[in-house]
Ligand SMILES: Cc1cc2nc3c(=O)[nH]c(=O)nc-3n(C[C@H](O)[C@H](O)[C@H](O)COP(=O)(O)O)c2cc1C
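Only one chain is included here, represented as structure tokens and corresponding to the form predicted on its own.
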């Protein structure tokens, strides 16, 4: 059984989920949406997976843009995994509708909860709580694999009605402003000009000027730059100097840089 798994990941949660799903198949093409190359795709794959994080309670712009590339590929069965810090909201419903507009069908969609990486709202949660979320995600992967392999058509998973109404509104209001939210990034005196932030940014939004990063208002809010900075010198707003950083413990920097 062959599968294309397309993933978008900033701090490794979605890449980890994608890799764990990939282990359940024999012929796997694990492909970054950020560096998509149609020559790396198996155009006769039995299954297609899309694994991505929930941003601002909805589908990230890079994933929406990727759907135009997905149309060019033969897709027999499509499933999605929406990776989030606790509120999937209406994300998978949004994705389903976007795909229908482009003549595709989302056969199933699953909600995966992992530790939040949104450091403006707080630092990394304790490791014991992280482990519980990872174990729950692994159990869920075991549950969905038979669904995928049997090509079952299921309604996509979604949050409670109040969440879908409220947060869908927030998503619509914020979507066109996300790119400019990088104005709150700044660098403290610990920065050594290593340029990892520029290399890891999926939006190519960071330039190094005079040995320091600058942001160019093309931000996706993935927070890869702040979470992977080895010196923890990148900050966002006033509170992050006191917050512990987070990226998935099983995903290494090189995994992200070579995706």
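Owing to the predicted nature of the structure, the values given are computational and were not obtained by experimental measurement. Positions refer to the first chain, counted from 1.
Form predicted together with the named molecule: not shown, discussed below.
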Looking at 136, 168, 76, 87, which is the one with a non-hydrogen atom within 4.5 Å of the named molecule in the model of the complex? 87
Residue (of 205, 34, 233, 221) lying close to the named molecule in the model of the complex, criterion heavy atoms within 4.5 Å: 221
Could you tell me which stretch in 152-160, 183-191, 117-125, 92-100 has residues with non-hydrogen atoms within 4.5 Å of the named molecule in the model of the complex? 117-125
With the partner left out of view, is residue 56 within 4.5 angstroms of the named molecule in the model of the complex by any non-hydrogen atom? yes
Is the gap between residue 81 and the named molecule in the model of the complex 4.5 Å or less for some heavy atom pair? no
